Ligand code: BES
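There is one chain below, alone, in structure tokens, taken in the form predicted alone.
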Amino acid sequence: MALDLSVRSTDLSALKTPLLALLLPAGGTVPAGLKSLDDAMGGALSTALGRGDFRGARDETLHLQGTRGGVERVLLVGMGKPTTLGLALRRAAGIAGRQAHRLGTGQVSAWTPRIDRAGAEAIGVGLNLGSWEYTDLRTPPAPEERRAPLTAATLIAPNAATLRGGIAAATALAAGYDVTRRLAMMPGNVCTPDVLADTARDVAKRHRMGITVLGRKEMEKEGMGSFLSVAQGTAQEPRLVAMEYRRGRKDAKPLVLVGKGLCFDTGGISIKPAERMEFMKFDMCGAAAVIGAMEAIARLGLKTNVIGVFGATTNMPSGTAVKPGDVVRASTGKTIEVINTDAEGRLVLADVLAWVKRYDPEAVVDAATLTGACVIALGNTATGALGNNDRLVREVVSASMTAGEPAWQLPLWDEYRELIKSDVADLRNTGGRAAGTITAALFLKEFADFPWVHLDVAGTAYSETDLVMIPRGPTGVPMGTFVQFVRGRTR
């Protein structure tokens, strides 16, 4: 559940809050806006900074006792020497939100020396990201052991009236991240293709969007042999879902967001190793980000046309599963030799990308946890970005940087296409280990007959380790990139 965010102006020495988070850059002196609070605390702030107990390094924290009946606790969070203030504020706020949630304060206030509308948005998003927790399937602790969940946060700033738009935007984005991360965190037996479709229906109904849901029979009529080859090993009904948000000009071409929704990926007949296979519940993060982005876009009230589309199924080994060496036919008529059944996401996306051509899109951006090769290339820090239009790729990469979800462009040169040539079909679904992220994108390019960018979020949509501002698990990437891209096209 997203936090109840607000902003107000007040003297910090008169503030009543269980926790005040001070987001401070590296420096060593008490900012002017904190003098009255420092006096109320008997000089504790100036003492801590003066003797170097807190130096403002990135991710550095220091807890101080507050005042009686006012600011009960003070948390100092360092931002270092930020090159991008908004991203530094977001990270520091994430740490503050996480600490407040751990303490069980129920609510938190935040303050920083310099703040504008964009900074207010960054802080609001950060507080939400840090305080988020998935508890749906846990047994609640005994009453005496329970801590109050963080439900509300207030930004304290002298220019509060000018920051309300930023707080409203942060609230919308937080709702999108909440949807994205909740779906991603669900185990595979809970988050099925039908659950993804039902969640999309709920978002569409609440925000008066149009929605289309295709099942196996409808996809057979569309000739989606590529998508259905992945779904033929599971008894669960595959789903192709399209959410239509139309608030722009009627004659304006829509932006289309596409997501991969493999609710669990065993690898199929080319089965994955047992170790760490449980993380394959995150193979639907692209679809989750599409649903979350549509939630956020609707809440922002953007005056544009956006279509959110995803394909959802599970990749299971069975007596009916597709086999290595099989040849399947996509809806475009292209034939595909299945070399590795664990290269299934591109088989799903091939038919989905071909299907969205009916919308005559202005641009299409897809996101998928597609290749382990992207993790090898870029680690868990950057998303891989590839596309058939360099200007569009640069635009999406810029949006990712603004959203705090950095992407990096990889080449999509025709020379690499030799790796996915087949002896028996038009294409093979994998070119092997070499340049794996590039050849996967080149495969998708065969079905993208419009300006298109592919985001490989295999290393960034979830984390197997603690990330300081958020715990291990779903990050929400690339929900923010999707929304920022649409916002950039709307302004």
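Throughout, we count residues from 1 along the sequence that is shown. Worth saying up front: this structure is predicted, and the values here are computed from it rather than measured.
Heads up, the form predicted together with the named molecule isn't pictured, but that's what we're talking about next.
J.: Which residue, T112, S109, N305, T371, is the contact with the named molecule in the predicted bound form, using a 4.5 Å heavy atom cutoff?
T.: The residue in contact is T371.
J.: Which pick from N389, T162, N340, T320 sits with a heavy atom within 4.5 Å of the named molecule in the predicted bound form?
T.: The option sitting close enough to the partner is N340.
J.: Quick check for you: of 150-158, 400-408, 344-352, 131-139, which stretch puts a non-hydrogen atom within 4.5 Å of the named molecule in the predicted bound form?
T.: Only one stretch qualifies here: 344-352.
J.: Does at least one non-hydrogen atom of F443 fall within 4.5 angstroms of the named molecule in the predicted bound form?
T.: Answer no; every heavy atom of F443 is more than 4.5 Å from the named molecule in the predicted bound form.
J.: Verify the contact flag for Y462: yes if a non-hydrogen atom of it lies within 4.5 Å of a non-hydrogen atom of the named molecule in the predicted bound form, no if not.
T.: Yes - in the predicted bound form, heavy atoms of Y462 and the named molecule come within 4.5 Å of each other.
J.: Taking any heavy atom pair closer than or equal to 4.5 Å as contact, tell me whether V453 reaches the named molecule in the predicted bound form.
T.: Because no heavy atom of V453 falls inside 4.5 Å of the named molecule in the predicted bound form, the answer is no.
J.: Does any heavy atom of D283 come within 4.5 Å of a heavy atom of the named molecule in the predicted bound form?
T.: Because a heavy atom of D283 falls inside 4.5 Å of the named molecule in the predicted bound form, the answer is yes.
J.: With the partner left out here, which residues of 255-290 have a non-hydrogen atom within 4.5 Å of the named molecule in the predicted bound form?
T.: Result: K260, D265, K272, M280, D283.
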